[in-house]
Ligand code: HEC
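Just the one chain here, the form predicted alone, laid out as structure tokens.
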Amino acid sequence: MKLLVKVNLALGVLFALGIGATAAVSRDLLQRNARAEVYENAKLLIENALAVRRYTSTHIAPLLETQIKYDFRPEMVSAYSALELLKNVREANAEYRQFQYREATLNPTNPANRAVQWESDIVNAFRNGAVASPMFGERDTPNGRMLYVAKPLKADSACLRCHDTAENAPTTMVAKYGSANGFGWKVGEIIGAQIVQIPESFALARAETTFRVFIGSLVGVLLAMALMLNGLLWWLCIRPITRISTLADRISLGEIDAPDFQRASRDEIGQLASALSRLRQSLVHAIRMLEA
């Protein structure tokens, strides 16, 4: 087996081991980074929703105090504004279409906002102080594994305009939703949670795309390095060694007039060429002495 083939086999094994180890480490790292990025984006959505809630309670709701006596306007409800904002964000930005936002409430006015079992567990965990905010987690669903971020929702004084008692609530709101739910809230009480859910497959797909680009780039760089190394190895080692081998073969067959291999460098190849030249000269001298 030729030397260049042996070197390439050794390089192939080393590159395969290196790529395999890099792939194992980088895939896990990229997946964790993708999850962290998704969580950060979810937190940003929650903060945006909170900002809209505060703006609605402070600036929009007071402007509709008179109108709500005659016609219930959902625009004055902070939860409605937050949901509409994030709905528009999801529709306008493909990056956020997989993000599902909910304001899960234990005792909501609108039944659509009532917390289901797993959401109630999160809200109660916040109420009991069992978890810190924000809360990060994963859960299995019929549609696949989901990642979620949750923050507690606390009632403030603005909430009590509609959620103190049915008697004090706007009559138009009571007429729309009834008087059975959504009342009895207290200032500072955790009444629900903002929850953003994202399919785990969304995060993993982004990680997989990055992983493929990274590994493809790594393989390309290693192949380019291998080609350059092959060229250098052939030029610096294989070519002169082949010429020296040919010269040595000619001398061994008695061609004492074969020309010396000229090598000006002082590396190992140059030293081998010098040694071969001295050997040829010694052989010529010995043959001439025998002939004399």
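One rule holds for the numbers: they count along the sequence shown, beginning at 1. These figures come from a predicted structure and were not determined experimentally. We call the rigid core whatever largest set of C-alpha positions still superposes within 1.5 Å between the two forms.
Another form, the form predicted in complex with this ligand, is not on view; read the next lines as being about it.
S.K.: Counting only non-hydrogen atoms and a 4.5 angstroms cut-off, does Trp185 reach this ligand in the predicted complex?
M.R.: Trp185: contacts this ligand in the predicted complex.
S.K.: Does Glu208 reach this ligand in the predicted complex if we count a contact as any heavy atom within 4.5 Å?
M.R.: Flag for Glu208 set to no.
S.K.: Does at least one non-hydrogen atom of Pro134 fall within 4.5 angstroms of this ligand in the predicted complex?
M.R.: Contact with this ligand, no.
S.K.: Even though this ligand is not shown here, does Tyr177 get within 4.5 Å of it in the predicted complex, heavy atoms only?
M.R.: Yes - in the predicted complex, heavy atoms of Tyr177 and this ligand come within 4.5 Å of each other.
S.K.: Work out which of Glu95, Asp156, Glu91, Glu138 lies within 4.5 Å of this ligand in the predicted complex, going by heavy atoms.
M.R.: Of the candidates Glu95, Asp156, Glu91, Glu138, Asp156 is the one lying within 4.5 Å of this ligand in the predicted complex.
S.K.: Just to be sure I understand the contacts: of Ile122, Ala79, Leu86, Val196, which is the one whose heavy atoms reach within 4.5 angstroms of this ligand in the predicted complex?
M.R.: Answer to the contact question: Ala79.
S.K.: Could you tell me which of 147-155, 198-206, 125-133, 215-223 sits within 4.5 Å of this ligand in the predicted complex, going by non-hydrogen atoms?
M.R.: Only one stretch qualifies here: 147-155.
S.K.: Which residues in 96-123 have a heavy atom within 4.5 Å of this ligand in the predicted complex?
M.R.: In sequence order, Glu103, Thr105, Pro108, Thr109, Asn110, Asn113 come within 4.5 Å of the partner.
S.K.: Once everything's superposed on the core, is Leu30 shifted 2 Å or more at the Cα between this form and the one not shown?
M.R.: Shift of 2 Å or more: no.
S.K.: Note yes or no: does the Cα of Ile60 move by 2 Å or more between this form and the one not shown after the core is superposed?
M.R.: Indeed, Ile60 is displaced by 2 Å or more.
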